[in-house]
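Below you'll find only one chain, the form predicted alone, shown as structure tokens.
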């Protein structure tokens, strides 16, 4: 029996749940349709014999005071303040990330440091950057960019870096001051600017606690599990009905959509114009494979995340949940998660779990000596539509699709996949609140 509601939210990921949370605060009647049997989407915490690990190296950053206050209200004492660094593993050395002056001076050869100085002297701050490669080189210089940024970004996004938008950098690229760099290299008195990348909030029992608490606040009766969207039927400038699981039709008043932009276009009936369908075919989402090792050792590293730019490693990032919260693994043991980004058509997406374990384990042992008998459990998880690929010129293509959806007066889009933006948890809360306020104003 379908629940009648004024608002129908498509998707029970963090964007859909946050939107429902603010809808409830406004005393609106709504229902959330979730395709699986649990909420959270790609922001969940999984459990395996006392080991907890997230579907991604998620953190909650204190970037919006109002959003932070809401999350603190939801989690109370279970929201921890964490200070854990991230590092880059390159040519058998660990480098602080974001890049640190003292670290580079301490670990790089003199000739490499001189090349970095020469690169910095050639940089023009007024030079226009049209793609990520140009931005990285113009920020750090060719030597540093090629060692730590361009190779990693190509692995992560699956595209040459001169084809990637500058938007993929977020706020992570911080230029090294030449005067400070020279003072560090010559006199050994490094002055590193403070950076908050290693300081963040994290729930005691994993990032999935946030969607779980949102679910509790919303009420389970407002969530329809195992209801996958099959079709979105429109008449004129309104969404009229939504078909679920191919056989259930729901009349709708207001629809809030968090589904991937390209899927939403495909679900529309009548179909959108051919030119828009052609544009949608050019838009890509990166999928993610998680290789999870539960290990009989106290720790693997002290980092929140470790990044691997070298092509010899099949994974791009390693994260150890225990370094975010000691409650994520049993005493004396730990769990590490390796991320392998790929497209659906890549061979690795269809590799067997055994083949993935062999490939990742061999590479992992080149980072740190490990014994096979330390493995307590191994699991593989595949996450489709993990994040949008922001290629050069994507803004114009996405705008045309979003403009088409805006013609429907009772349809609102929110969330990373639906808006095709690289958003974080605090952004999803904010966008959900904004959508509800927009609806209330109407």
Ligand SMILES: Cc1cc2nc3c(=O)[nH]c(=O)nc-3n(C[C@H](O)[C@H](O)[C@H](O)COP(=O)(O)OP(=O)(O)OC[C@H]3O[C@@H](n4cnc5c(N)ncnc54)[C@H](O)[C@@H]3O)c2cc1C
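Residue numbers count along the first chain shown, from 1. Because the structure is predicted, anything quoted here is derived from the model rather than measured.
Beyond the structure shown, there is the form predicted in complex with the ligand, which is absent from this document and is the topic of what follows.
- None of 166, 217, 346, 228 but one reaches within 4.5 angstroms of the ligand in the predicted complex through a heavy atom, and that residue is 228.
- The contact residue chosen from 285, 267, 313, 97 relative to the ligand in the predicted complex is 267, the criterion being a non-hydrogen atom within 4.5 angstroms.
- No member of the trio 46, 321 and 334 reaches the ligand in the predicted complex with any non-hydrogen atom inside 4.5 Å.
- Proximity to the ligand in the predicted complex, taken as heavy atoms within 4.5 Å, picks out 52 to 60 from the listed stretches 401 to 409, 22 to 30, 52 to 60, 371 to 379.
- In the predicted complex, the ligand sits within 4.5 Å of a heavy atom of residue 13.
- Although the partner is absent here, residue 34 is a contact residue: one of its heavy atoms lies within 4.5 angstroms of the ligand in the predicted complex.
- Using a 4.5 angstroms limit between non-hydrogen atoms, residue 306 is distant from the ligand in the predicted complex.
- Contact annotation: residue 142 falls outside 4.5 Å of the ligand in the predicted complex, judged by heavy atom distances.
- Taking a 4.5 Å heavy atom cutoff to the ligand in the predicted complex, none of the residues in 65 to 90 make contact.
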